[in-house]
Ligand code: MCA
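Below sits a lone chain in structure tokens, taken as the form predicted alone.
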Amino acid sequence: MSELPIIARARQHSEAVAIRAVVGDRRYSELLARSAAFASSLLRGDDDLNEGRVAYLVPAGFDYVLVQWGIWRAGGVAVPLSLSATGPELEYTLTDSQAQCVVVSKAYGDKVAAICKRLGLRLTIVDDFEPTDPQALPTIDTQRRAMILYTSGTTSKPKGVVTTHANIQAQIETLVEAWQWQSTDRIPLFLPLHHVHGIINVMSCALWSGATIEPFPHFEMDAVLSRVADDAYTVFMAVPTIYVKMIQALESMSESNREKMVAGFGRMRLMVSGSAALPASVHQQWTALTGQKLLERYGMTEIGMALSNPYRGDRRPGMVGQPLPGVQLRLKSDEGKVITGEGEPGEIQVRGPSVFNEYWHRPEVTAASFEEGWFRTGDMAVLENGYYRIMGRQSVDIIKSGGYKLSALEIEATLLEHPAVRECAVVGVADDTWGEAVAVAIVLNEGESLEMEMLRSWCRDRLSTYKIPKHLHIADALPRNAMGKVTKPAVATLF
């Protein structure tokens, strides 16, 4: 019987440790056996789930993988749920995906029990699962639907992004090749497991390669840094917010403790930043502190990863590199022209085997999102000296002021270099003269103060005149989503 590629590859690493945790190591052989038994429990005597949707609310760890693999091996479509989602958000996802069953860890049972009862959905507690001899499992074609991930829904209701097993395989294989994943790799996993960053870049690439994952329920600074000092990891992936917090933690430590942590980071073979723009200043701070040059990349739910700085070669701060293996990418101007040279901004459009299949039950939206087979990402970028630089979302991060297209991300990166600024978010606000004027919300470092004219004076040496903020708001904190990104539409309401 032919198997899904990720299952077949796991057999090659049968006795290797897949999941390392305080409660004990779990090997690939255990994942294979228990996921087969779990698949049988989902089938309940049927031959195939035939792409029935199975939602699950399970924290990172052995149970998460056995549930995901069990759904796939039974022929179902996996719908991972956010551990931090509210009741209405969970109900929306379950209803929109037309889930037939919900799998949950006992600790999260109360979050979904009433919803499942109201919707008439079968609820399975994975902690209570008792494996029995598995039945014959269906043969799954890689072109079948495998997973539905929901977009953040910042501008409309979240959409279900459908990927096939072939899409997922392509997303994994391009990163395994580009970042040279190895069976000897060890990586912590503290990123949310309802996003591609955690599911594909960390978990699936590691399991594809026979590597070892050490899961955490969330980012636990002290625990993670302690393990770094023990040389527990060879690969590390995080969002920019986490790198900022680790810089602050390391700089506040005693010299002896800091030396241990810095040495642990320095010995890793790869450290990656993603899910939000990494300010060049943070990139440079991290290198100065640890000797590690962070690898920044670009991707999204619909396409997996598309661009990456090189594993071997020049990793440029503020840049996201070049197309990954198997990824075709082009820039398209507002006027509909394919951009062939450097220095001209355009929308990123992508095609290739990693690009998603469809938006769940939204054929019109799916059709509108493609142009001649190219997926329209809605993100703007520019090619500079052979590397792409992300300018931001067309709808949020691009400010059209006085005929210029300004990148909010670029202005933010500059402002973060100011000694008084801890965090900032730049947005465009309506202006009768300019169309849009640059506005900024700033969180100050402790004990600092900042006035508009002081900020303008500082910016004059660093920014073109039309990029200098015309509005300033000092905030205690900036609203962020689960991935640490500032939610800019919310910031815009501050002005």
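In this text, rigid core is short for the largest set of C-alphas that superpose within 1.5 Å between two forms. What you are looking at is a predicted structure, and each value in this text was computed from that prediction instead of being measured. Each residue number is its position in the shown sequence, starting from 1.
Separately, the form predicted together with the ligand exists; it is not shown, and the next lines address it.
- Looking at T93, you'd find every heavy atom of it more than 4.5 angstroms from the ligand in the predicted complex.
- Interface membership of K470, defined by any non-hydrogen atom within 4.5 Å of the ligand in the predicted complex, is confirmed.
- In the predicted complex, at least one heavy atom of P192 sits within 4.5 Å of a heavy atom of the ligand.
- Using a 4.5 angstroms limit between non-hydrogen atoms, W434 touches the ligand in the predicted complex.
- Only one of S97, T301, Q169, S369 lies close to the ligand in the predicted complex, with a heavy atom inside 4.5 Å, and it is T301.
- With the partner omitted here, the residue from A146, V196, L175, A408 that has a non-hydrogen atom within 4.5 angstroms of the ligand in the predicted complex is V196.
- Only one of 236-244, 133-141, 106-114, 412-420 places residue heavy atoms within 4.5 angstroms of the ligand in the predicted complex, namely 236-244.
- Of all the residues from 448-473, those having a non-hydrogen atom no more than 4.5 Å from the ligand in the predicted complex are R456, T465, Y466, K470.
- The two forms, fitted on the rigid core, differ between the shown form and the other one by less than 2 Å at the CA of L43.
- When two forms of a protein are overlaid on their rigid core, residues whose CA moves 2 Å or more are considered shifted, and I411 is one of them between the shown form and the other one.
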